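Taking the form predicted on its own, here's one chain by itself in structure tokens.
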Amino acid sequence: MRLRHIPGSEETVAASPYVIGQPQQYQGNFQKLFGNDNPIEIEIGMGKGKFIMELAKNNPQTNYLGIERYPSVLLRAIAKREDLNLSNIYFLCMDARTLTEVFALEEVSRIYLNFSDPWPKDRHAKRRLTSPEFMKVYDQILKRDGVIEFKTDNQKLFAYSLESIPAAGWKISAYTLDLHHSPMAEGNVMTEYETKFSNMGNQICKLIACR
């Protein structure tokens, strides 16, 4: 996936008080960062941050960490964050493949994967965030009773995920091929892409995975 690089984005992200520059220092001790023992939920590939910031506003009893690999994308989230008075959300600019270097064993309560890059070519399957390779990473940082929530409008990626997640030893406890017209829509928080694609008439798929 190619993104337009914004000059100075790395420096802006590094200087932001909302971005944790060296998250490894909090591994196993994120309560020090947040100042409480509330559960931690993360979104991998948070984009502009609409979804996770709305969760943080609605659930002050939960701590949130938004993970985005690309500084140019994270700039948009930082701009939105500056207008909010929240103490339960921070951002990390990092590659999801290194999650075990940041989070301790079973430190995370819930993982959100929203409209991830589908990596449509077979040779890139290992890069998909619902691949067995990534599920092994999640298995280390997620609590034993934790869950993964995955949303996409990409039918092929969703079909792949329905097979790849059980193949990695997980269970799919619920799923739908049309989220907005299903019981799973209750309490649903929309992402930027979800709003865009649903307005285009695309059906939104969702699944919940657990061990």
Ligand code: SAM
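Heads up: residue numbers just count along the shown sequence, starting at 1. Since this is a predicted model, take the numbers as computed values, not measurements.
Just so you know, the form predicted in complex with this ligand exists too; it's not on screen, but the next bit is about it.
Can you pick the one in 135, 141, 75, 96 that has a heavy atom within 4.5 Å of this ligand in the model of the complex?
Checked against the cut-off, the match is 96.
Taking the partner as it appears in the model of the complex, which of 26-34, 40-48, 55-63, 165-173 has residues with heavy atoms within 4.5 Å of this ligand?
Single hit among the candidates: 40-48.
May I ask whether 106, 130 and 211 all come within 4.5 angstroms of this ligand in the model of the complex, judged by heavy atoms?
Not a single residue of the candidate spot has a heavy atom within 4.5 Å of this ligand in the model of the complex.
With a 4.5 Å heavy atom cut-off, would you call residue 67 a contact of this ligand in the model of the complex?
Judged by the heavy-atom cut-off of 4.5 Å, residue 67 is in contact with this ligand in the model of the complex.
Residue-level question: is residue 117 within 4.5 Å of this ligand in the model of the complex, judged on heavy atoms?
Flag for residue 117 set to yes.
Wondering, does residue 193 line up within 4.5 Å of this ligand in the model of the complex on heavy atoms?
Taking the distances in the model of the complex, the answer for residue 193 is yes, it comes within 4.5 Å of this ligand.
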